[in-house]
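Shown here is one chain on its own, the form predicted on its own, set out as structure tokens.
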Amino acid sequence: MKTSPRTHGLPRFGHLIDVGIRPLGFFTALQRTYPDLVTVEVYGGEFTYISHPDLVEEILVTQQKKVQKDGFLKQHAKPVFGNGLLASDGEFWLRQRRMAQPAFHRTRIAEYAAVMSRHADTTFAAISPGSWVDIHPVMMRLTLDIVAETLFGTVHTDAKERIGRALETIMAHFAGDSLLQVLGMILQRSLDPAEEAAYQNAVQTFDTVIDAMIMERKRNPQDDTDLLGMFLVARDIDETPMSDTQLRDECKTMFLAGHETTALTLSWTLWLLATHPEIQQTLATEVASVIGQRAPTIEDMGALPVLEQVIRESMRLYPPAWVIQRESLEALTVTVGANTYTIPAEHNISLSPAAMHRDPRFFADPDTFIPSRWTQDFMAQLPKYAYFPFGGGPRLCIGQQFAMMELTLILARAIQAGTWQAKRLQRVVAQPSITQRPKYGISLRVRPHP
């Protein structure tokens, strides 16, 4: 049995600055230096970084009952997620997951296709041909409209506007100045009181709007088959309904997770296509052949292999959930090949899809956008957890099928809208926070097809 290799970093501070200021680059370097795992010292503590897909499977699947969600979501992000699906654990999480699952059943998801296409049509029609636009906020608004209607029924425009502004402030808080955040962690206090106040106000606004939605639905029941309706009628084994606080936590989680991650994948994919015109042309030929100019439907999904490859490759390079963290409840014994390691109890564990997806052991030319790599033969030989943009195990993203259909329908509509081009010399940089956002935006324009 082996002990984990260690990397010490700076005296006293360890790798705190690496983790705080350049986490994705640091994890990618760890991924390429340590073949299995490594213990990272960081300012009075440590965590183990997992760098082999077999060990990722151990943590997310084989020994998932011996780990729990990390402290970050439960402490630093608790005002946002509360005790919703993203942050809860154990039997409580399982109960909540079972209550939410029917809203994401395949037959139910199929009913959302028309809503997705309609909102996509409206969005792309509003973009002036040839005009430069930051595509990220456009995609954020599009996916917010979709999640509001498909999962929560009728949501008033004012409520959506307030939610959208609150969510943007909240996510900007977690993606703020890295150096200030590191210093704040050391001093255990905020170094930007104005930004902290804006964050607290945004959380309060978010809570207020969601509470009002819940009360309105209770007064005027609409449909018990959307997510909010299902939560309202759900009962525990002792016939106890979900509390208003828990309803709010679950709705907040679904609003954030249901639109942020998909909007990011759409933004990154359109940028990748705009900067690889030959791949965009191949995709445009496929879309024209299969769909023409009619609205794409769920039945088209299996007939668009190039589009599926493009989405897979985009999520390989820019998985929205770029890091997954767990905490061990007891000592773990994990094995990869001939090597067996121990991980202590009450120990933080980090896994990074973003770093794993760029590992040259599994992906040739790993930093290059090559959708055609995703052949059936390639996927058959790829270790299962070398690629896991939706997580894995029992906590596999509940909205995976929802997201894949949404991505397919919207991107097909985007390609029908015209040829996408990227502004030259712009600085497009991924900023890893809770999600992997474009730090300076992504400026694109679309020109009608000849």
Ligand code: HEM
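For every residue, the number given is its place in the sequence shown, counted from 1. It should be emphasised that the depicted structure is a prediction, and the values quoted were computed from it without experimental measurement.
Another form exists, predicted together with protoporphyrin IX containing FE (HEM); not displayed. Remarks below refer to it.
Using a 4.5 angstroms limit between non-hydrogen atoms, Met139 is distant from protoporphyrin IX containing FE (HEM) in the predicted bound form.
In the predicted bound form, protoporphyrin IX containing FE (HEM) stays beyond 4.5 Å of every heavy atom belonging to Phe26.
At the 4.5 Å threshold, heavy atoms of Tyr341 stay clear of protoporphyrin IX containing FE (HEM) in the predicted bound form, well away from it. The closest heavy atom approach of Phe402 to protoporphyrin IX containing FE (HEM) in the predicted bound form falls within 4.5 Å. Of the residues Leu273, Met315, Leu144, Met213, just one reaches protoporphyrin IX containing FE (HEM) in the predicted bound form with a heavy atom at 4.5 Å or closer; this is Met315. Proximity to protoporphyrin IX containing FE (HEM) in the predicted bound form, defined as a heavy atom within 4.5 Å, holds among Ala257, Ala166, Val209, Met356 only for Ala257. Between 239-247, 276-284, 90-98, 328-336, the stretch whose residues reach within 4.5 angstroms of protoporphyrin IX containing FE (HEM) in the predicted bound form through a non-hydrogen atom is 90-98.
Annotation: in the predicted bound form, residues Ile135, Ala417 and Arg445 none come within 4.5 Å of protoporphyrin IX containing FE (HEM) through any heavy atom. Heavy atoms closer than or equal to 4.5 Å to protoporphyrin IX containing FE (HEM) in the predicted bound form belong, across 308-338, to the residues Met315, Pro320, Ala321, Ile324, Arg326, ordered by sequence position.
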